[in-house]
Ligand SMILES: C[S@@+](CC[C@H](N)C(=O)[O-])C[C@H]1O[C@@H](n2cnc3c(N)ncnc32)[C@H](O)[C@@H]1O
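What follows is one chain in structure tokens, specifically the form predicted on its own.
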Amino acid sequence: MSLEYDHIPVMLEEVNQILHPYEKGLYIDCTFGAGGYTKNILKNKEVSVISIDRDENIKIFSKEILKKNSNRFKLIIDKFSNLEEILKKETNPPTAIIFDLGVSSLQIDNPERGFSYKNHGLLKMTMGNNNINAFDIVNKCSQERLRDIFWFFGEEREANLIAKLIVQKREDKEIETTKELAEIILRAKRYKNKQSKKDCCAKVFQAIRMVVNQELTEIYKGLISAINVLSKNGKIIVVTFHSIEDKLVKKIFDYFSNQKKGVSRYLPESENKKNSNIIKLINKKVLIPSKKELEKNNRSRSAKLRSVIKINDINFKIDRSFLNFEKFFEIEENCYA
């Protein structure tokens, strides 16, 4: 893996505007990747950064940062859902916490990781610290569960047919590669008299990847932990890249702010009033990349940024079902069971 990898942090200008002026204290980069956000934050000499990533392979990008900032930077290989445990030994709570929920190009572009239908490789799609992989999902899940994965996580209209063809195919031979899976998806599309371009595989591959890595459960646990550990007046910034994860982030922020939209009307009023006074939206409308950024970085085209500030440091609890995402969480949990 080359240290010359050209990584452009998404919506960096907007992140800097939200964090300006950079206060003294501890900053958490929950999705280190190639270290773009971390390097930007460390330009401010009175801050320290703990970066988190579940992928062991990204350690190489931390070496140069460690050389220059050995007393102000630490990299932890773990899931950001374990944020509270990671920060147990820290004396002071974080000043800001940042999540970039995009899948790393380092992972997608590497055929050995098995993420992309554009590359030929074994079905894996693991980001790190996984108990299952894409091979397990494709070859062991029932037709009904496969259908639900493709429908809920990929919003794939041909979910049922694709699931059926997968089950039929694996009766003869296990489906081992990205190419084999892509061919089944294309066959389903042709059967429905639709265009059989390879891009039509994207939704199914996205759905499998999300379940393999329990991405929505991770977002839920990570954000709840972030709100809990953040200092008063601290900020949380989240950059999402598709509608499902953005919807979940919005619902969590609505739940703990004074925005009642998007959360269940069945939430007890007493709990609603208490929880709705913990954070405040910094930007009431979601931010999207500028035209200038889109011209420089096509990867940012689907990015959305939401940010909040913590206004009260009080104990809270949440009933996960009130977010109306229970079906997604159950699918992820059942695949790991």
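We number the residues from 1 along the sequence you see. In this text, all values refer to a predicted model and were calculated from it rather than measured experimentally.
Below, we refer to the form predicted together with the named molecule, which is not included among the displayed structures.
Just one of 231, 160, 257, 107 comes within 4.5 Å of the named molecule in the predicted bound form, counting any heavy atom, and that one is 107. Proximity to the named molecule in the predicted bound form, defined as a heavy atom within 4.5 Å, holds among 127, 227, 182, 87 only for 127. For residue 54, a non-hydrogen atom is located within 4.5 Å of the named molecule in the predicted bound form, even though that partner is not displayed. Under a 4.5 angstroms non-hydrogen atom cutoff, the named molecule in the predicted bound form lacks residue 93 among its neighbouring residues. The closest heavy atom approach of residue 100 to the named molecule in the predicted bound form falls within 4.5 Å. In the predicted bound form, the named molecule sits within 4.5 Å of a heavy atom belonging to residue 31. Checking 246 to 254, 79 to 87, 142 to 150, 182 to 190 against the named molecule in the predicted bound form, the stretch whose residues place heavy atoms within 4.5 Å of it is 79 to 87. Applying a 4.5 Å heavy atom cutoff to the named molecule in the predicted bound form picks out 218 as the lone residue from 210 to 243.
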